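Shown below, as structure tokens, is a lone chain in the form predicted on its own; questions about how it binds or moves come after it.
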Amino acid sequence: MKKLFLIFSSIVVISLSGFISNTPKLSNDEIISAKVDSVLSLMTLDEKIGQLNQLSFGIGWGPTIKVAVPDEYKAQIREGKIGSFLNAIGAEFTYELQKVAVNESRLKIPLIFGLDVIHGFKTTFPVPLGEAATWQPEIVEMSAHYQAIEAASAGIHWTFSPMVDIARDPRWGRIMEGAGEDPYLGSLMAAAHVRGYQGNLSDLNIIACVKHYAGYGGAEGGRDYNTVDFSERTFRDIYLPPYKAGVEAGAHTLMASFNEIGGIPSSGSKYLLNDILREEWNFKGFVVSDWNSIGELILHGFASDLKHAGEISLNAGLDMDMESRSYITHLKELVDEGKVDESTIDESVRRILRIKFMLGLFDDPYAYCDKEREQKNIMTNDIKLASLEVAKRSFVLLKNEKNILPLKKDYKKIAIIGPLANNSVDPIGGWGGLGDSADVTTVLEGFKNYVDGSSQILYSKGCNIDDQDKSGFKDAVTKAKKSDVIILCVGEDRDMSGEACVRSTLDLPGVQEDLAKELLKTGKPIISVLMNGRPLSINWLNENANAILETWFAGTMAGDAIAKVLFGDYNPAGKLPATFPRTVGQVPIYYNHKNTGRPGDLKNHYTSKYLDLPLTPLYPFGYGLSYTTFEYSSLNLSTNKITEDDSIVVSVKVKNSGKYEGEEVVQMYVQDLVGSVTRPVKELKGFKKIMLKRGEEKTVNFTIHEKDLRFTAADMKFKSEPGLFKVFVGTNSVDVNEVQFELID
């Protein structure tokens, strides 16, 4: 299927080859730029505008696999009116689409195919929030690499991922798609995803798209698509860093977000799309709109009609229009009217053509359309094993009363109960790509695979996820009474988190908690397995269950991973990337908050607190237990004073004081005690995941440089300020030891 393909006429090829041969010191970027300019010089205005137009296959959001290309799209491809498709999937189908572009259009410019590969293509991995709970960027990079292999083998060039939006409000359903609440952790995860997807841009890698630019996770009330309004300082210090990290890791595209910030919708913000992205960060790739986000400028009250919206967005720096049809319909007229310069269109076309050249599509437009490779690379054992490994590492042990876990391997009867116990649909999670429930291992299946007849497994659904039907309680209680231990699988369904999936409560839906209360009456120990895409307020479970394991939506291998962890084949070492509140009334709640002039004090009425709640969350950021225990001691600094040219080494001893070999995420936080503007009570500045055998002790070192202490100061410059700093090191953001140092002029 591989073919050598050249877009240029023989005259252009000879001319360009002569130019390149006479300048042998040209960099690869310069060579690509020369090729792009050569193609651009051949294009009509209509063909240029066509490159900015992206259309979708499928109904709604779902991907579509077809073989025959609709006549409507064929005609538009021939006329050069489409530069990209999303939701076109499969080596055969993308080949047929590409064949029309390269054989039947005038300039034969190849198409680029995009898809939301968020946490898997066919084999699903844990949702990104779960992956962030690994606190292992290298594991996330591996996950993205395997996802890219599957997607690229099915004709996909480009994923609309990673989502790097900071989310401090768990009501927002899309918290599931990101790395949680912290800009440092979020930045590392953003960069890891980009590296994993893109690799060296061989034919088994795909282009990453950092989204949603910008600040989408700050939506008021946690309501998707809603208004965002925060200070410039908060924007730069908290919300922007993960996008910048993605750009610095080499991401070739960004997606503009739906929301407005301070009255300016992102898809029409020159400040975001040009001033910060291109002028400050020197971004060379292209920006795509979110679905119809250009058209939505009208409903924002920022554009009078679709034509006006297109004018605003293109002039602001938004290159490719996803599904609003504004550019293809109105840009030519806007050029004629002098409202858009053709040179502005040229720049957007250059950015898009550059990526197509980088992908090698001009040399071999069918490189991603190999049917044999597609069959060979989808759901391989290697990919499924990778999914299993990431899933195990994503789990967070929230409670383990009297060390009931790991489970004894000599239980005679084990009850697997709950609406998520034998559920193969919901573990896939939102944005599950082509994930098929038929390929998912349920918890029930995982346990049966593990015990292999050595224990009797009793199953009862008990109730549904989100209704008031209690008719299954009787059977569940009966099975529980016959068992030695109860594995209670509860949480959300996959459609309760993700885009447009906002909840006004964070409690367990339906009557799941009532089921748990009935099971408690049996007197049998309860191990609660949570499946969810956001932090939940699970106060009753925290008080009454014997153990709680947070498994998020763990993907294709969920059941096997859960069984292996509960039986101790893998000692859980995940840590929470987002704070778990006691109730939705505490939201927004996040660890790196400000102190205020009257910090909360339960003994003082006139302080910042709730009358009916403790000051603390249910589980803090960075929290996570292990089957073993760890002791921290000897927290020391190499010096207690540094200048901007120095660094300071923070050292701490960590000992495995328990009965099992285990991993610990050692976390370091810093507090700037006095600044020209108020500073957070602590900020994550480093972490290391270490393995310790029973009784083993290691010294863990962190290095702090002056640049690690910078923030957006009162003069809006990003810098550090002399003064005193506290360093905190510990097992989570609350349980820490502390020391102090000074930054001097």
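Note that residue numbering follows the sequence shown and begins at 1. These numbers come from a predicted model, not from an experiment.
The same protein has a further form, the form predicted in complex with alpha-D-glucopyranose, not shown here; the description that follows concerns it.
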From F258, F85, F580, Y459: within 4.5 Å of alpha-D-glucopyranose in the predicted bound form by heavy atoms is F258
Partner-free chain; cross-checking alpha-D-glucopyranose in the predicted bound form, the single residue of L111, I527, L625, M322 with a heavy atom within 4.5 Å is M322
Checklist line | Partner contact for H193 in the predicted bound form: alpha-D-glucopyranose, 4.5 angstroms, heavy atom | finding: no
Discussion item. Please tell me whether any heavy atom belonging to W431 falls inside 4.5 Å of a heavy atom of alpha-D-glucopyranose, as the geometry stands in the predicted bound form.
Written reply: yes
Though only this chain appears here, would R174 touch alpha-D-glucopyranose in the predicted bound form if you measure heavy atom gaps against 4.5 Å?
yes
alpha-D-glucopyranose contact in the predicted bound form: Y73, any heavy atom under 4.5 Å:
no
Only one of 570 to 578, 204 to 212, 554 to 562, 228 to 236 has residues with a heavy atom within 4.5 Å of alpha-D-glucopyranose in the predicted bound form, and that stretch is 204 to 212
Residues in 285 to 306 that come within 4.5 Å of alpha-D-glucopyranose in the predicted bound form by at least one heavy atom, in order, are D290, W291
